[in-house]
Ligand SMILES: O=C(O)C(=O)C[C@]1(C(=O)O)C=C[C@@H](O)C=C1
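A lone chain, given as structure tokens: the form predicted on its own.
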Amino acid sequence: MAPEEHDMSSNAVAQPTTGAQDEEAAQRIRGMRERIDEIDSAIIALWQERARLSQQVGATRVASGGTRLVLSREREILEKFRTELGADGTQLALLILRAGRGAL
């Protein structure tokens, strides 16, 4: 096998490419990506926790004779995300709200 060829049958695990042209930059990118992966895991866990809590709020409200939704609360959340994150924040808030209450 030529030196530039790779034996795909080996047990070696391929490292994700960084797109960097030098090893120092590649190392920095790998470190940043590792932190991004940690943040992504935290976001997913928080998303799931928020959805569960929101579902519990809705179930408690309905069980007590209240409405399924409180639109003023949803508007507050939408406004908070829009103020902090701009137009993308509004879209994110809509997804978060739907995860907790289901589709309208």
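Sequential numbering from 1, following the sequence displayed. Note that the coordinates shown come from a computational prediction; the quantities given were computed from them, not determined experimentally.
This protein has a second form, the form predicted in complex with the ligand, left out of what is shown; the following refers to that one.
- Transferring the ligand from its position in the predicted complex by superimposing the surrounding C-alpha atoms leaves no ligand atom within 2.4 angstroms of any backbone or C-beta atom of the displayed chain; the site is open.
- Shown alone here, Ile29 lies farther than 4.5 Å from the ligand in the predicted complex, counting heavy atoms only.
- In the predicted complex, the ligand sits within 4.5 Å of a heavy atom belonging to Arg50.
- In the predicted complex, the ligand lies within 4.5 Å of some heavy atom of Arg73.
- A residue is said to contact a partner when one of its heavy atoms sits within 4.5 Å of a partner heavy atom; Leu69 meets this definition for the ligand in the predicted complex.
- In the predicted complex, no residue of 29 to 47 lies within 4.5 Å of the ligand by any heavy atom.
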